[in-house]
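Heads up, the chain below is alone and in the form predicted on its own; it's given as structure tokens.
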């Protein structure tokens, strides 16, 4: 698996980082907006109050045409309130009475904010000539507009400054919270993911053939409960695994015994023939022990004993339980031993055997007893498929460091509907009492355990080919024979 995986700790830290940044950004935007609106409202209220208060104070001076006192009031407003950028009073016929501009009065301001009769005041936003500074221009009538109008311009640069200052402070707070959040995320991620990592390592190191090491976590929460459940699960798995191994061993031995039962009659024949010859030789020696010709019987007797020993040894080797030790195995020897066990059945059913096993096929690392059982099973299945005789072709060759063994028969074949079931335990197409349904499943597992593969090709009425591929231990390379 080469998929990129993001650790839980990283996800946890990223989640907190995103939440803090998102929360901080939203709050900066909202606070800027709320603060700006609040300051603008307050500035507007203050401007209206200043303009209305000035309008009330200048009525008497305007009626007496005391413009000097009016000018003094106008100048005082700018001194008292730093947000006031300008103040001026215009008459009802839109002529400037007084102002506090340091330079020439900008006449364009007169019509910039006109006041209708029904309004108590009017507010309008005005930019300067360079459009750099924004002013909140407030117009308030004097004596219902009969004496003119007061205009007060409030600069918003102070609001902007305060907003920027507030943003700077809050941004600093967000950064502090962000760093604190990252630190907290690391701490909490460690506290949460560290015990989870122990459980993950426990899964990775779990070996059902060994006693599992218990995971000890004391967090007094769900993670500790999970660790306890893992330990309980590991114990149950190991117990179940051991039971399955024992059951598998018994099934394998059962299949071996079933195969031995099938071979017994043939092996009895293989033993009876040399025993009969041995008995004849002993009778001749007994009748005339003094004759020199009796010496030749000794060689015959030794040959008969050797043959009996070979047959019995083959049967004993085949009946052994698994050794679990892999060693270099000669494929040719394994196949020949398998044939030595089934020779009589092949002869009994008049089956022609064609063997094409290359001498330099090489060897493989494996268990000879298991491999022998595989080929005995395959050959017995072929024999059962040809009760009235036929051809059994066994071909073994090396192809790119893969040892290929084909066991082909000209029997009745396997129905297509059964081809995907033949490796299922206890599935058999044989008559009741003539098969356990374990031969091919066990063979399949043995081949897999050797790092190989086994396939079947079959057509009804034509025959079956069992193809076994095993990794080679040597470098021998021999092409398959041409048919």
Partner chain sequence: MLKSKKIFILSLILLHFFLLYNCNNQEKEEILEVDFSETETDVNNVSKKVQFSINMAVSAMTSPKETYIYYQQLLNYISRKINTPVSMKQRKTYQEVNNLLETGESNFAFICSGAYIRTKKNSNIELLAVPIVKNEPYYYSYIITHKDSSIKKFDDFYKRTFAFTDLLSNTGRLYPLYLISKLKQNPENYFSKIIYTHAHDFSIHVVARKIVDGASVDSLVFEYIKKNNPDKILDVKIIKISPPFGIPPIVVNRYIDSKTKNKLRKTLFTMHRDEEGKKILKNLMFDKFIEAHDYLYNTVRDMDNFVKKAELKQKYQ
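Positions refer to the first chain, counted from 1. None of these values were measured; they are calculated from a predicted model.
Beyond what is shown, the protein has a form predicted together with its partner chain; the following relates to that form.
Interface residue remark: residue 22 is counted as part of the site for its partner chain in the predicted bound form, having a heavy atom within 4.5 Å. In the predicted bound form, its partner chain sits within 4.5 Å of a heavy atom of residue 105.
Shown alone here, residue 128 lies within 4.5 Å of its partner chain in the predicted bound form, counting heavy atoms only. Proximity of residue 453 to its partner chain in the predicted bound form falls outside the 4.5 Å heavy atom cutoff.
Shown here without its partner, the chain carries 26, 109 and 134, all of which come within 4.5 Å of its partner chain in the predicted bound form through at least one heavy atom.
Shown without its partner, this chain lists 56, 424, 416, 42 as candidates; in the predicted bound form, only 56 has a non-hydrogen atom within 4.5 angstroms of its partner chain. Comment: its partner chain is not present in this chain, but in the predicted bound form one of 230, 101, 339, 406 has a heavy atom within 4.5 Å of it, namely 101.
Across the options 396-404, 142-150, 328-336, 215-223, residues that bring heavy atoms within 4.5 Å of its partner chain in the predicted bound form belong to 142-150.
Taking its partner chain as it sits in the predicted bound form, the stretch 31-63 comes within 4.5 angstroms of it through a non-hydrogen atom at 33, 37, 40, 56, 59, 60, 63.
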